[in-house]
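Heads up, what comes next is one protein chain in two forms, each shown on its own as structure tokens, labelled structure 1 and structure 2.
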Structure 1
């Protein structure tokens, strides 16, 4: 049996899920619940704020707390390093640099990152392997203005993915998953050009400037798994 604010959290969630507090209903205010549970109002507040953040409740000053009408569930998607993703399955991780060159960033990537002008960038194609079998093919452009040291990073020893995580901490970014034919990534992943693959396009922004644009083609049978 839980005690403290978690107990109130769990009991409130039970009442919501059991429709004891039906969707859209106003629930008792914090002071009333504090009396009911025999605790301070702050303890109730903590419990209810958690439920509100999780989407079960909607709270407004003066108007009180209501059960969300159609709770929109949120999935927590962990974005691990590819190395960790592979090692957590008990497989051996390795990577191979296919091409690496400094060049002007092409238009599509420039546009995706919102870059003006023609910034110099480094283009790296990398194959990630699990137990020496292709896991994903990565086509990456790095804005050298935001991460100048990347030009001399020892990518034979540390993958571009991991180097950037460790050396170019970022503030925010976007992920975009879609399905597409393997096309030119096919040969690297030992599949036909028309094989459906999961594609991840990722844009990463530092505090001041865009850092990198990545297109990652996962080998066939890749699954993106979430719990809700």
Structure 2
């Protein structure tokens, strides 16, 4: 039976980590590996592409494939569902829409998303709660040209965060974490405006157009946990 791409991926990674293929080494070409594993070159290519994306290999046309001199694993982040964040702590999730209106997107958000003119957008402010206590305050602008159905989404039943994850195709984005005063989020999070909070600003882009700009202010004592 021919070897699958995942098995080739795992064996190639083993060879890299055990230094059978040391840093900087030129590894066998796809044809040679296909003969070794008894599979098609396309199967080998898929396995090596995965290792290249993860930072283990450098692939250059006509120069072959080498083990990276200083392999660095590349982290990947999925857009988290706030409901899952809360429920994973054993708490009850709920949310409340504070404001929702269709309006012209402000220039700072337009610039961040690379939008020109006055895009048709919806502005939604949402309070997320854990066990009925404030967890995070979300200030979100959605480009309705990229997600037109958001304009009529039942946000009383499904949060903006969850609706967009389920319905708006996601190609890439940016994340910024910072500490900043609560300001206008303070009253919603039961804290003073000058209270320092963890702030997340995210811009997400679909295959054809920018989708959303969101600023999340987390309640005091929020703890961020990431796996690498």
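Residue numbers count along the first chain shown, from 1. Worth saying up front: this structure is predicted, and the values here are computed from it rather than measured. For the two forms, the rigid core is made up of the largest set of C-alpha atoms that agree within 1.5 Å on superposition.
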Structure number, where the criterion is the form predicted in complex with the DNA: 1
Residue 218: Cα shift of 2 Å or greater between the two structures (core-aligned): no
Rigid core superposed: residue 59 CA moves 2 Å or more between the two structures: yes
Did residue 29 shift 2 Å or more between the two structures, C-alpha, core superposed: yes
Between the two structures, C-alpha offset at residue 17 (rigid core aligned, Å): 11.1
